[in-house]
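Take a look at this single chain in structure tokens; it is the form predicted on its own.
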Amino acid sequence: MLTLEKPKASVTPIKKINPVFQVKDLNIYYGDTLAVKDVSVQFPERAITALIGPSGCGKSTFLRTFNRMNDLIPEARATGEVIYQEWNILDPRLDVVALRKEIGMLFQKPNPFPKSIYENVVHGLKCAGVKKKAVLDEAVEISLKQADLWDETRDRLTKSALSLSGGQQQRLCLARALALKPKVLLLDEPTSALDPISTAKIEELLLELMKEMTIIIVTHNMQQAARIADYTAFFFQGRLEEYGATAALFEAPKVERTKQYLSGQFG
């Protein structure tokens, strides 16, 4: 009996070994709907990887797999493997709280807590049982400096985080994630609601943070991917169509659909 062979993604081998994530035959469902289809790919450490593609193509769903955020959606389920530090993070026995300490996340819209700037930064540390004020104080200063927000907030740490501008709030959320010293940082369109100046600041921070951690970012802004990403993955209708070094993918895509998307024929 003849069967149709599924089209395979064009995945250029990554020279940088030591993959942080090894994704194998990943499928993600919302009820009976298959949102991410048969994805196999590796992401290298200490690099920025951009996930691009039209709205509804599955890239955000795919991103949320890495810290099990899809668990919060009752009808969501996944099959396959996502290997991180030799563990399949899809294993229901995995300690999700511990996983999220190592894999931080920044969302599309700033989501500071209605607390002081100081309390926002130390929230995760306190949840982890850190109580010493000296330790918390040091973490606040280091994290806010990493997020390029210390000079703007050092004299008003007790003020409400909601008093900050949108760009400052997003950098505060970044500082909150950095306080836990994550090994991986996931970002879901973190600058789409920001002005160009705030966007540029976030991008500069990501390029600096890449020296210490792995970064995976979902973006609709192809110029942003071209500016900051070492590698780019193009998704279409739940499938990984093409993945490789950003410069090569943008200049000479191997898949026709990638070429069409990059040239603006659809989006």
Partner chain sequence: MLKAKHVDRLMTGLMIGSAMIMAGILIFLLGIILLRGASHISLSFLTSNSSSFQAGGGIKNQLWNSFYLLVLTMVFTVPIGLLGGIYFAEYAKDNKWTSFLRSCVELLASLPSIIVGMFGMLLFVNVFGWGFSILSGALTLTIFNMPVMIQVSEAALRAIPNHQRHGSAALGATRWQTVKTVLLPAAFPALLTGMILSAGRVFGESAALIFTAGLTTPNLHFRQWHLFAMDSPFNPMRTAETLSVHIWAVNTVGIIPDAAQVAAGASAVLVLVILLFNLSARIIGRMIERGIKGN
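Numbering follows the first chain given and starts at 1. Note that the structure is predicted; figures quoted are calculated from it, not measured.
Although not depicted, the form predicted together with the partner chain is the subject of the following passage.
Colleague: Each of Ala193, Ser198 and Arg227 having a non-hydrogen atom within 4.5 Å of the partner chain in the predicted complex: is that the case here?
Modeller: No, the candidate spot makes no contact with the partner chain.
Colleague: Looking at heavy atoms inside 4.5 Å, which stretch does the partner chain contact in the predicted complex, given the options 146 to 154, 86 to 94, 170 to 178, 133 to 141?
Modeller: Of the stretches listed, the one contacting the partner is 170 to 178.
Colleague: Taking heavy atoms only, is Ser163 within 4.5 angstroms of the partner chain in the predicted complex?
Modeller: Contact with the partner chain, yes.
Colleague: Is Asn111 one of the residues lying within 4.5 Å of the partner chain in the predicted complex, judged by heavy atom distances?
Modeller: Answer yes; at least one heavy atom of Asn111 falls within 4.5 Å of the partner chain in the predicted complex.
Colleague: Ala76 near the partner chain in the predicted complex, any heavy atom under 4.5 Å?
Modeller: Ala76: no contact with the partner chain in the predicted complex.
Colleague: Check Ile117 for me: does it contact the partner chain in the predicted complex (non-hydrogen atoms, 4.5 angstroms)?
Modeller: Taking the distances in the predicted complex, the answer for Ile117 is no, it never comes within 4.5 Å of the partner chain.
Colleague: Given a 4.5 Å distance limit between heavy atoms, list every residue of 118 to 140 close to the partner chain in the predicted complex, or none if there are none.
Modeller: Contacts from 118 to 140: His123, Gly124, Cys127.
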